[in-house]
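We begin with a single chain expressed as structure tokens, specifically the form predicted on its own.
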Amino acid sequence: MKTCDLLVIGGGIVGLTLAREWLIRHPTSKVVVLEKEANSVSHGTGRNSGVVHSGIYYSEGSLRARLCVSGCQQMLDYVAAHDLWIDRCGKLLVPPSESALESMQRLLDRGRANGVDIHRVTGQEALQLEPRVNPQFDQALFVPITSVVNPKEVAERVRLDVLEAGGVIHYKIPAQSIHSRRGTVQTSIGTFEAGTVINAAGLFADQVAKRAGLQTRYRFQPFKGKYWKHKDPSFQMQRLVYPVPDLNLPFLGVHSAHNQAGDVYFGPSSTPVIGRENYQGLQGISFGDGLSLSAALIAKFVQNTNGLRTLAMRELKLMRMRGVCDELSKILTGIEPGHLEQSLVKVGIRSQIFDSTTQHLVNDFVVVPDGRAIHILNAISPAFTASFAFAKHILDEYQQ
């Protein structure tokens, strides 16, 4: 039996920041991280856009709002302290339709309630901030603090922090059976007994929880996000540009994104899928999981849960490049189908859960303690932005 003070299941950004924060608080303790992949960036951590979100989208007082706002500043401070790449570009939110003007006011009020520096600007001011924007309703919102970092670079630096502080990370070692009361986790390299076990397994957090015997009202529903890359390497944008979203849907709409290499992307789609790692074709779809996810998805579509049928109709338009450009034309100018190509690299899966009691997608982080185990079941966006604050919250609230 191998013993440790903390065992983290999942070596993505949430798991790494948890291990780092524990070692800051308890520098002589023994911390072990288990990761089923060969690295920390195969899934959500390495596939996210690297946007450091401000916290304007989330309801006042929600965990996402509080941890995103504080996590944003902590992420910016961390990146600065370690001299990592950052583009402090800010973000424009442009109403794509007249009906979005009401949502724009709600976002402005919500952002200010959450303590975010957010401004209403005129169409002319928006064009000065980003000449490619389409301010068709002569107004937009501007959030100066929103930035872009390199998520793989951040994750690598946090990984090194964990190792340099004495933590141990085992790659290609998935957790097998888990006993929450005893704090034991079986693996291919032996059984670990830990004072605290934290399930930060992302796309597989619900399965890990189920193996630990946890019974909840939550079910998993993955969504795929695809992006389209601008072919011209000289094409650049000064700001991130997003639509003012439909607040009745749980997604932000098709927007711009860019990275350290200067590549510019547009997306994502928000396509319900039946595989946790279904990035391409039939990849990542298991028979049993696919069957249960398919049945659940059909039921949600019929009932139009959280507007999923409406979302599906929009997604059909995004199957054609013309449809993508039509969506973009509502917030940007000069983007034509011939300018874009679908990216085979920038594809992600959102680890979204569904509440079978309320019959709604869950729009906040969900943390469930059980014995010596702590299960993070809904580490949806902005989990990357919030990761440092999330780690502090988990240990403040749940550490025994």
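Note that the coordinates shown come from a computational prediction; the quantities given were computed from them, not determined experimentally. Don't overthink the numbering: it's just position in the shown sequence, from 1.
Keep in mind that the form predicted together with a small molecule is missing from the display, and what follows is about it.
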So which of 352 to 360, 31 to 39, 332 to 340, 59 to 67 is the stretch with heavy atoms within 4.5 Å of the small molecule in the model of the complex? 31 to 39
Interface check vs the small molecule in the model of the complex: of I274, V116, V79, A175, the one with a heavy atom inside 4.5 Å is A175
Since exactly one of A389, I380, L377, L23 fits, which has a heavy atom within 4.5 Å of the small molecule in the model of the complex? I380
Would V367 count as touching the small molecule in the model of the complex under a 4.5 Å heavy atom rule? no
Answer with yes or no whether H43 is in contact with the small molecule in the model of the complex, where contact means some heavy atom within 4.5 Å. yes
Could you tell me if A19 has a non-hydrogen atom within 4.5 Å of the small molecule in the model of the complex? no
Using heavy atoms and a 4.5 Å limit, would one call V94 a contact residue for the small molecule in the model of the complex? no
